[in-house]
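Consider the single chain below, provided in structure tokens and representing the form predicted alone.
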Amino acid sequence: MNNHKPVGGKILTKPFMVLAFLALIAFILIIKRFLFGIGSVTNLSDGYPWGLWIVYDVLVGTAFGCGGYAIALLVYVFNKGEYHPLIRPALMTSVFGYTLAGASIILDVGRYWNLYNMFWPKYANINSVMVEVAICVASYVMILWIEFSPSFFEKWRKGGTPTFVKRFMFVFIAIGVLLPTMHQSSLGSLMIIAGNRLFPLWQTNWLPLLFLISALTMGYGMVIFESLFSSVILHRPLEISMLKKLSAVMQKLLVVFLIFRFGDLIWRGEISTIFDIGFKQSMFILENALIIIPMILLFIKNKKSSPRSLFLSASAVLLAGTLYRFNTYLVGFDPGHGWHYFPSVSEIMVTLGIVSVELMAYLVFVKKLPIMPAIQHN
């Protein structure tokens, strides 16, 4: 029985047209990038070979897209079937986050026409962490679309999802749980090889675990954020009871993250570095304040069922995870020799355009496809 229904409604609204305008600007700049090279639209250099596009579109975008992975862990691994209604909306955000992250890699690679070599056994460096990330992300994008395919079948195929798809879906779900575990931790491993070029507040052999935990917290944060946001924008009932339980899971992960984070700093004797005066220290304090704030909000018993507290907590978690990735890959990274980096206006506009495409796709999908749980009328 299909328990999901299209929300319906007009597509070409004023907000949609504004998003389309931003996407058009980004499209024009992308054409410029391919015609005149990556240096024509970015401030990248030999010291900073990756910048805003990689950090936001790939590192942050895929973490935002971990909602499907995070909910799948609860439902299929820990057998928490009560969260099943959240799977399809969470899976949709994962599809958008990972698909656009994978596509944006083509923008960031200088010689993009050689990108296929990464998947060609003759040329691929199988010892490279980047190759492992690329293969995992590319594979996960395909897995996500397969997992999401019932939404299309239920919309356009009489009889719904084919039997053979249902029969083998458990295989794709299992692979879909494995792949993010691998590449999210590997994104942390990438910066271990930076050595002392990465500021000691972020450089640690625990980076793989910290990146994985932060990806999970951001995944749960995105599910809560998306659920509350869609309820308000699309005039749907709030799912407070379920989101309240989900926030408790997120809260426990935040505690684990902080224990490993500060325990590592104490073990390495770097805890005093926090109290030095400097921009990096300030960014570290801000990053962790954004983690502690939702913990406090969620610990206050009478606030746990408040939609506003849940929304603020989820937003703070998403900002904290975003800042953690920016700090690790850009703020805390110093290649030396006087190299500096700040994203160009074109880089910022392309990133805004990619976000706009995600939001436009979200509006189209929820209004036209059976994504959202059907509203139960008493």
Partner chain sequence: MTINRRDFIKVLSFGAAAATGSNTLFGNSTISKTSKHTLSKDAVGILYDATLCIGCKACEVACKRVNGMPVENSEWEKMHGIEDAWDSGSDLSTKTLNKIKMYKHGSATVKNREKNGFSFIKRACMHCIEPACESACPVSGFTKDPKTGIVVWNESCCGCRYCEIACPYNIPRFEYDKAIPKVFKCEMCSHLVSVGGVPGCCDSCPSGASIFGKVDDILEEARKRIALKAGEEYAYPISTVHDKEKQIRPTEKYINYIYGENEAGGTQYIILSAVPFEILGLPKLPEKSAVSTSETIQHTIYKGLIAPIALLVGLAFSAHRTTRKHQLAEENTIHE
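These numbers come from a predicted model, not from an experiment. Residue numbers count along the first chain shown, from 1.
Heads up, the form predicted in complex with its partner chain isn't pictured, but that's what we're talking about next.
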Exercise. Does the 4.5 Å heavy atom contact test between G278 and its partner chain in the predicted complex come out positive?
Worked result: no
Exercise. Taking heavy atoms only, is S272 within 4.5 angstroms of its partner chain in the predicted complex?
Worked result: no
Exercise. Is I38 close enough to its partner chain in the predicted complex to count, meaning some heavy atom within 4.5 Å?
Worked result: yes
Problem set entry | 4.5 angstroms heavy atom contact with its partner chain in the predicted complex for I193 | yes
For this session: Would you kindly say which of I126, I300, I259, I266 lies with a heavy atom within 4.5 Å of its partner chain in the predicted complex?
Result: I126
Exercise. Of these, A248, L234, M142, M130, which has a heavy atom no more than 4.5 Å from its partner chain in the predicted complex?
Worked result: M130
Seminar exercise, completed: TL;DR on 239-247, 283-291, 78-86, 144-152: the one with heavy atoms within 4.5 Å of its partner chain in the predicted complex is 78-86
Exercise. Which residues, if any, of 164-191 lie within 4.5 Å of its partner chain in the predicted complex when only heavy atoms count?
Worked result: K166, F170, I173, A174, I175, V177, L178, T181, M182, S185, S186, S189, L190, M191
